[in-house]
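Next up: a single chain in structure tokens, the form predicted on its own.
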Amino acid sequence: MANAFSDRGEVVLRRRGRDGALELRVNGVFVMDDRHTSTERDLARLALGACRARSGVRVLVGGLGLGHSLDELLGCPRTAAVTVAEIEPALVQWHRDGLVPGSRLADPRVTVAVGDVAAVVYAARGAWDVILLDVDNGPDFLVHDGNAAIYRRPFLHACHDALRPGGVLAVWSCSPAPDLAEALEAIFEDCKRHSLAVTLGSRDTAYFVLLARRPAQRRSAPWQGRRTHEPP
């Protein structure tokens, strides 16, 4: 259907012949399709459920994908505004051009930031009630090696500071990611890992959503030493 090249490799949107599913591939790696969307929607649903704000919820989404998490967020009446940070401009344009059926980028509550989600997070403080991160397959199966930084403590501390008190960070992963869970537990008030059953063809497996909530009382995140990574 469409493809584009960037510094991160080739981005491909294609219609599979065997089942007709719309599929997104990045840098030669399968990212998602529109046949199995439950866990992308669960990412949004679980984060909203854990967020303490009852109305006027402001959300930052890292990774547009095929838009299923965004659709779930916008279906909730508590959601007031969503900023989507997507590093691939071609993917944003495909949504706007109608190549992704049902895309909701035109919703007036949505703002698109074309670029690295890290730049948005590091520029904010106390701005969001929810941050969703679905920019990769998780820390153990990276599409791009550079994405490893978003699962490390300097960036997780920045997410903590970018959340309002009682706000929630939700991270999608195709593996249990114990090191990530340990880091989140050290930085946030609590961390819960949700296992989500998925059937892929004839194979049963599980994906994961890790939820961490900033304490309701304003305080700085515990920090040992200086941050070692920030966007230029």
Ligand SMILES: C[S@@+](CC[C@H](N)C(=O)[O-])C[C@H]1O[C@@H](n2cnc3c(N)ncnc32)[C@H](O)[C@@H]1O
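Quick caveat, the model's predicted, so the values are computed rather than measured. The first residue of the sequence shown is number 1, and the count goes up from there.
One more form of this protein, predicted in complex with this ligand, exists but is not displayed; see below.
Enquirer: For the spot marked by L24, E40 and D116, is every residue within 4.5 Å of this ligand in the model of the complex through some heavy atom?
Expert: Checking in the model of the complex: L24, E40 and D116 are all within 4.5 Å of this ligand.
Enquirer: Flag D140 as yes or no: does it have a non-hydrogen atom within 4.5 angstroms of any non-hydrogen atom of this ligand in the model of the complex?
Expert: Residue-level check for D140: no, no contact with this ligand.
Enquirer: In the model of the complex, does V31 have a heavy atom within 4.5 Å of this ligand?
Expert: V31 belongs to the contact set for this ligand.
Enquirer: With the partner left out of view, is N147 within 4.5 angstroms of this ligand in the model of the complex by any non-hydrogen atom?
Expert: Result yes; N147 sits at the interface with this ligand in the model of the complex.
Enquirer: Give a yes/no on whether C159 approaches this ligand to within 4.5 Å in the model of the complex, heavy atoms considered.
Expert: Heavy-atom contact with this ligand at 4.5 Å: absent for C159.
Enquirer: So which stretch, 121-129, 73-81, 88-96, 103-111, is the one near this ligand in the model of the complex (non-hydrogen atoms, 4.5 Å)?
Expert: Only one stretch qualifies here: 88-96.
Enquirer: With this ligand left out of view, choose which of V57, L180, L66, V168 has a non-hydrogen atom within 4.5 angstroms of it in the model of the complex.
Expert: None of the others qualify; the residue that does is L66.
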